[in-house]
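Given next, in structure tokens, is a single chain: the form predicted alone.
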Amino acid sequence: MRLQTALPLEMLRLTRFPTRWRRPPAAGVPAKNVGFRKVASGVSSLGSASPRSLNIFDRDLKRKQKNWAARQPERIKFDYLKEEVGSRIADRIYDIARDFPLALDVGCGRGYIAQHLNKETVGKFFQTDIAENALKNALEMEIPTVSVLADEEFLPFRENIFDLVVSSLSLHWVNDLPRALEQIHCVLKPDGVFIGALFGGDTLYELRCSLQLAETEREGGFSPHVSPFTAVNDLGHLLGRAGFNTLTVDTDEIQVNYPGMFELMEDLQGMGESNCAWNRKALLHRDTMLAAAAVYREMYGNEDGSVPATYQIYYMIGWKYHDSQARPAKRGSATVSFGELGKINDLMSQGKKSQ
């Protein structure tokens, strides 16, 4: 179920769809007719951020983490979560009854959305990512693609270029999310659509609580080990501020079972999702880590000995304005008041009797 409305986000009822998994076992097209902005590089300089943003994340470290993950020989065994979310975004694209001659994936990773799309829906697909190894080791896909090394915060494209922009599990690492959304809105054509997904605030709450309890008990205090996430209450406001309308927001949860806390942390590293906040603690003592694993198993463990990890996903859809789009009626133009709606059944029953 998805909710589509032009009302403020506070009036939306958000749906949750829990999904449970087990950790899986170990196991170039010319860019024609696309305008690029004249920039020195599509990737930001080391540690850079836009002047108005809070510099929360070390973007250079995040680039290194994603590059390291993308060149691992067994990288495919860590793709399960991003492939699943990519397929759900592709489902939302297919729900829109139109084709998209030119599309853009912001923070594409190894192409987790493009592999689920076909040529009948998307004509050409531009993929941008901060990590060059992710682009070099992209998954196989049917549609023609163009890879562009670019930072999500500094898109090197001209205005009104793309019919569709997508982003999957990437925007939670940007320092200036409002700016990133504004740039996405800028590169969209009028009546173009943006479909995105990012981690929500309840993501990895089991790991966060276990580490905090263990570190407080062993070291007398704790530091953040799971990066901060955007609150769903803010998401609609950010989209509206960026210029999007006819907003759709929904949320679901994917729960994956792991043999233990250390296997979970290994998978997060393999996904390129290790913490890169500037205020992170570089080292945890061995005793603290062992205590956290014990707390995790004691508080959240399953009967079979495995431990769950929850990934909360926010999905968002926003459209760029065009005159052809449906608009709400002017205030005061209604011909029937809400108070009269309760009388509809009485009027219908009277009409049947008169017949």
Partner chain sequence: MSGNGAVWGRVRSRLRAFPDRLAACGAEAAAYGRCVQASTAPGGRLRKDLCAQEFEALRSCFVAAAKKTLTGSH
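Computed from a prediction, not measured in an experiment: that's the story for all the values here. Residue numbers count along the first chain shown, from 1.
Omitted here: the form predicted in complex with its partner chain. The next part is about that form.
Peer 1: What I'd like checked is whether Trp68, Thr216 and Ala291 together line its partner chain in the model of the complex, meaning each has a non-hydrogen atom within 4.5 Å of it.
Peer 2: Yes, each of Trp68, Thr216 and Ala291 comes within 4.5 Å of its partner chain in the model of the complex.
Peer 1: Which of Glu263, Asp252, Asp202, Asp176 has a heavy atom within 4.5 Å of its partner chain in the model of the complex?
Peer 2: The residue in contact is Glu263.
Peer 1: Can you work out whether Asn133 and its partner chain are in contact in the model of the complex, taking contact to mean some heavy atom pair no more than 4.5 Å apart?
Peer 2: So Asn133 does not count as contacting its partner chain.
Peer 1: Taking the shortest heavy atom distance, is Met299 within 4.5 Å of its partner chain in the model of the complex?
Peer 2: So Met299 counts as contacting its partner chain.
Peer 1: Is Pro73 near its partner chain? Define near as a heavy atom within 4.5 Å, in the model of the complex.
Peer 2: No.
Peer 1: Is Arg286 part of the interface with its partner chain in the model of the complex - any heavy atom within 4.5 Å?
Peer 2: Flag for Arg286 set to yes.
Peer 1: Going by heavy atoms within 4.5 Å, which of 179 to 187, 160 to 168, 208 to 216, 92 to 100 lines up against its partner chain in the model of the complex?
Peer 2: Correct option: 208 to 216.
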